[in-house]
Structure formats: C-alpha cells, structure tokens
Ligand SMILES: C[S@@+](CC[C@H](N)C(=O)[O-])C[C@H]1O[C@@H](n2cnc3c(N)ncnc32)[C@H](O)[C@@H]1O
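Only one chain is given next, in structure tokens, and it is the form predicted alone.
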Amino acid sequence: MRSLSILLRAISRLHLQAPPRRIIELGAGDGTLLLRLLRALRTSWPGGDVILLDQHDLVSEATRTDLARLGWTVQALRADAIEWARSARGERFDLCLTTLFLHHFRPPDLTELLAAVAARADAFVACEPRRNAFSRLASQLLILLGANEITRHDAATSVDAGFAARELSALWPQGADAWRIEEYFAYPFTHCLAARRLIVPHQ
C-alpha cells in the first residue's frame, strides 16, 4: 500500500511553516505507522507531543519507548472519534493525521468529525481507500496472494466505502478561516486530502 511514502508525500504538500510540536492521529491503532513517520522525519521534526486516539489502547511499551527516544511525549487517548469531536473544544494541534479511518464514517458523522478537525488543527492529512474500478479489481485479485475470502471481502468493502474526486473537500466546513486544500489520487490505491490553515490563530 506504500502507506509511509504516501503519507510523507502528503505532508510535504502541506508546506508547513514550522515543524509540528503537537500532533494527533485519529484511529491510531498500535501507533507504529506514526513511529515510522517520525523516524523518517527525525532530522527535521525535533519532537513534541503526540496523541494517539483510538477506541482501544493498542500502543505497546516498545512503541512508546521508541517515540520517547525520538523526543515525543506520548498520550494514548482511548475514545470514540465522534465523541472526541463533540468534546474538548479547547484543544489545539499543529497537525492531525489519519490513515484508512475516515471511510468507516458517513455523513453526518464524517461531516462532524471534519468540522472538529478544522476547528482544532492547523493542518490535516488523510490517506484513505480510493474508490475506482482498478482498486475493486485489485481487491479481488488478492486471492493470487493467498488471501482468504474474509480478507478479500474486507478489501472490497473498504474500496466501496472509499473516496473519489473531491468528496472529502465537499464535506470540509465552510467557515471564516481560509484553508489550502488538495485532494488527489496517490497511486496505486490511495485517496488523499492535505489541508493547511492559511492564517494560524494566536495560541
């Protein structure tokens, strides 16, 4: 899936003015993708705070230790994303990340979640399944790699729940703040949204 390289490319398209010091990942899982990302960026991102939001605390002590060695203080936040969207409105983040997570939601929940991100973060990257014929075909061809029926079904379901065109941009809140938003296809199976607030509010 090229998850790390696609995520790095999406972040580069943000053209951040300064390294983020406070990061939240939605649907973080075990935190290992974020760890790989921060390892790749360790020379340019000196550290700060990371919040790993998920319904389950799956972050191992080894991952916490490795993040700490890179200069990041770790908080595993066990919470439902929609409940998070409806609470803690005073929080601010330099960057919000999510991968293979938004496609689990549909409006109005997805709209509410994106509104919360726009209210609390100054930059946002989402990498999701791309909904197109090629991705659907690839999900069925997983049988050639030895994938079982359940895996193939889950892959096809994810593709059908994915995004195309400017579907995420259309759900982004239309408010007073100006955002630079890119929504694009990342070969071979990923749909990306990269958004950056153009005027960052004073902290």
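Keep in mind it's a predicted model, so treat the numbers as computed, not measured. Residue numbers here begin at 1 and follow the sequence given.
Beyond what is shown, the protein has a form predicted in complex with the ligand; the following relates to that form.
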Quiz prompt | Among 160 to 168, 42 to 50, 66 to 74, 28 to 36, the region lying within 4.5 Å of the ligand in the model of the complex by heavy atom distance | solution = 28 to 36
Quiz item: Is the gap between Arg92 and the ligand in the model of the complex 4.5 Å or less for some heavy atom pair?
Solution: no
Quiz item: Given that the partner is absent here, does Ala115 sit within 4.5 Å of the ligand in the model of the complex, heavy atoms only?
Solution: no
Practice problem: Using the partner position in the model of the complex, report whether Arg120 sits within 4.5 Å of the ligand, counting heavy atoms only. | Solution: no
Quiz item: Is Ala85 close enough to touch the ligand in the model of the complex, meaning at least one heavy atom pair within 4.5 Å?
Solution: no
Quiz prompt | Cys96, Thr111 and Trp172 all contacting the ligand in the model of the complex, non-hydrogen atom within 4.5 Å | solution = no
Self-check item: Stretch 51 to 68 - residues with a heavy atom within 4.5 Å of the ligand in the model of the complex
Solution: Leu53, Asp54, Gln55, His56, Leu58
